[in-house]
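Given as structure tokens, the chain that follows is alone and in the form predicted on its own.
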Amino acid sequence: MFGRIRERYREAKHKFANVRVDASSYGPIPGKIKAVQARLDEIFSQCNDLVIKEISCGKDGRIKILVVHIEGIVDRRLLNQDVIHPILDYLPSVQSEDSSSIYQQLSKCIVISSDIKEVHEMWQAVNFIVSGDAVIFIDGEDRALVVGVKSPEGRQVEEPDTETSIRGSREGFVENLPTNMVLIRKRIKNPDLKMEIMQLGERTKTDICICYIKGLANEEIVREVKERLGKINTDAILDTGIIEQYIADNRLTLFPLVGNSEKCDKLAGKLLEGRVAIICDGTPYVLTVPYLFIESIQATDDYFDHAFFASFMRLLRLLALLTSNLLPALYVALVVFHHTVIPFKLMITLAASQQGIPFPPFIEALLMIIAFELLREAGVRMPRPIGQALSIVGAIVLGEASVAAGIASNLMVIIVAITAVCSFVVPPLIRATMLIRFVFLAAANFLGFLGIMVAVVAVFTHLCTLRSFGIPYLAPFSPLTAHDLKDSLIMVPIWAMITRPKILRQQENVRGVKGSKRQEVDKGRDSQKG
């Protein structure tokens, strides 16, 4: 089956390569303004939002100038103030017939904007036009000026709904790439913070920014990120989720091998540990690599609070993760196979709750879990006020109605409710646990505790084989790296974390020049001074 899939993929890739538009076919910029306008009309045919403004200058208006831009994605105030008005105020009175002289005056004196570039190829000019810049063509010149007048409109910076914080920054990323770059630069004021921009997508030409701190990030990982991004051959990149599917080490696993976040402070912390970030224009989610399993139970608030409380919360998240995966399977295994290990009084309660239930425990649990997943999905897809009401009211009504109708027992409703609550404690793994839960449930129905143990070993073995950009997914536990256990399930105080995660193989492992230690107060010395 996989052989046929790969063969069809090669055929589709070959077909796409044959029909793909070759940008180099546009050729160089023509020297005559009429040829330029004819070429633009051909390229942008049936594009009513293309604006071509013609201005006459020189002696008797013999030299023509074209100002070309896309309506709606340029800042009109900047366009009029920095481009149109200076040209209209100065050039009509110029008596020179030399196009080169007018070009130099435009680039150095007339156009006020500091963001000016020069292009010689038509495809470059077209790319700048569709990206929101204004391009100036001059009659008699085989080059053009690009003026940056992109509109900064977009969603304002606000706290993301998907990652709420008790302490820390409330700022989250937005859909505008320059804004996201500024948010990172504001937190890491260092020239070693590198931001390299490239374009992906044959049709969309989406701007992608590779962000890392030179000297901290491993050069091999940075090079691997660039190579994997460069190998992406598709016509559209609309979100970082598409990039994630292309660059992941294992594309068939259920577990996330690439991290994502909307929080600026969280990403800054990842960069300072030596990771590499991938920012995509048009989406607030930023990718981070390498991504380890332990990061799923870590939270940004852990580093802003006491280490004892943070360690307790991490252990609680791990317990919630295990509960959400194993609790329904353990219940089915106990009821179906292992009656003898159940206390007598609890056994009586179980027998009483099972009376009148027409389904075996496995089918009962399966129906209730599917019903919960349907309610959760409906709550997510519906408008927010309706979705919250639907989730709460639907769960209560469905649970009571199921018990009253004799479809499910009271204990099964409680178990599914606990499972649902625990699944929301670890958001990065919520989709993986949703499917793995069914695997454990089926194993428990066929082999009881033995089936659960076999499934657990299979999942753990699979996790041990995973890599994220060459880094073991279960690090620092497999392979065991005692140096990195200080920030795993048990977290040491922040003042004691004088080194970065060793498993990432950073060039500079110590935080600071000589590390930082907690400053203790010498009470005796202070009392003597007093």
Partner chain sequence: MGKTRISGLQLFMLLSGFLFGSTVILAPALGAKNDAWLAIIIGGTGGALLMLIYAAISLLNPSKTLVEILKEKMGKVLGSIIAVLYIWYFIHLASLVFRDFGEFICTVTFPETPMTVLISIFALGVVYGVNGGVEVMGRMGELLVPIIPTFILIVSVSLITVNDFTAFLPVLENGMGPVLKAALSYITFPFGETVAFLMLFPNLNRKEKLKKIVFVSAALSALISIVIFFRDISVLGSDLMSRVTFVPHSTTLLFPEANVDPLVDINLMIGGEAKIGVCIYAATKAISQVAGIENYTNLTRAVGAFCVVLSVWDFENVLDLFSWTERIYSYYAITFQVIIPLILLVLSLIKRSKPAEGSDADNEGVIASK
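A quick note: this is a predicted structure, and the numbers were derived from the prediction, not measured. Numbering follows the first chain given and starts at 1.
There is another form of the same protein, the form predicted in complex with the partner chain; it is not shown, and what comes next is about it.
Query - Answer option from Ile43, Leu466, Val67, Ile503, heavy atom within 4.5 Å of the partner chain in the model of the complex - result: Answer to the contact question: Leu466.
Query raised in the report: Between the options Ile396, Ala236, Ala378, Ala458, which residue brings a heavy atom to within 4.5 Å of the partner chain in the model of the complex?
Result: Of the candidates Ile396, Ala236, Ala378, Ala458, Ala458 is the one lying within 4.5 Å of the partner chain in the model of the complex.
Report task. Choose one stretch from 46-54, 29-37, 467-475, 485-493: the one whose residues place a heavy atom within 4.5 angstroms of the partner chain in the model of the complex. Result -> Stretch 467-475 is the one.
**Report entry** Joint contact, His338, Leu450 and Pro479 to the partner chain in the model of the complex, by non-hydrogen atom at 4.5 Å
**Finding:** Per the other structure, all of His338, Leu450 and Pro479 touch the partner chain.
**Report entry** 4.5 angstroms heavy atom contact with the partner chain in the model of the complex for Arg62
**Finding:** Contact with the partner chain, no.
Query raised in the report: Going by a heavy atom distance of 4.5 Å, is Val454 a contact of the partner chain in the model of the complex?
Result: It does: once the partner chain is placed as it appears in the model of the complex, Val454 has a heavy atom within 4.5 Å of it.
Report task. Decide whether Phe446 counts as a contact residue for the partner chain in the model of the complex under a heavy atom distance cut-off of 4.5 Å. Result -> Result yes; Phe446 sits at the interface with the partner chain in the model of the complex.
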